[in-house]
Ligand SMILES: Nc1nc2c(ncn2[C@@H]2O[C@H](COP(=O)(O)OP(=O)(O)O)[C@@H](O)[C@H]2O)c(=O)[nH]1
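Starting off, we have a lone chain in the form predicted on its own, written out as structure tokens.
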């Protein structure tokens, strides 16, 4: 059975990678900088997106594609209320977005008017790591209440990151969380990973992330 399964999996992943490249080409044709945001449920992906929009609302047009396992539009509605376009993708129960799903979402996005596209992946620390979407960077929102052992338990998702957000730092005094232990685990998997500790609730630390993003978008547009 294994001799049959391996080629099938490789064929699926190869097809996904080809679609991911098509997504990237489409985004580049429209000069849209894109971010794939991953996290476990409750880490604060949507709050992080809303904070980013709040800080850049007068500078950039930010579109959001929301991936969810259920046909609900709660998060997309929040983005639209914040004044930005949003599209909801129902994965039909799958634990991750795939490049073909993102392709469908891109067709519904006004790409010609966007500066940044944020893709909110399904809340999961395992499946999303294996599926390329075609975005320019992969970002993980980790949160203090999740614990400091996540890099050790879910190494694959940390290896493929370009940016790490440590959210809910305002809760550090109230939970057992060793930041040095967490950072050591991350460093072993992804040396020098760009990291921003912040709190979406208080806003502390968000400016540093937004300044970095602003610089990335500028450099991207300059080629």
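Residue numbers count along the first chain shown, from 1. Source: prediction; values computed, not measured.
FYI, the form predicted together with the ligand isn't displayed, but the following is about it.
When contacts are judged by a 4.5 Å heavy atom cut-off, residue 162 does not count as touching the ligand in the predicted complex. Within 4.5 Å of some heavy atom of the ligand in the predicted complex lies at least one heavy atom of residue 120.
Proximity of residue 179 to the ligand in the predicted complex falls outside the 4.5 Å heavy atom cutoff. In the predicted complex, the ligand sits beyond 4.5 Å of every heavy atom of residue 18. Using a 4.5 angstroms heavy atom cutoff to the ligand in the predicted complex, all of 43, 168 and 201 count as contacting. Exactly one of the stretches 55 to 63, 34 to 42, 150 to 158, 181 to 189 approaches the ligand in the predicted complex with heavy atoms within 4.5 Å, and it is 34 to 42.
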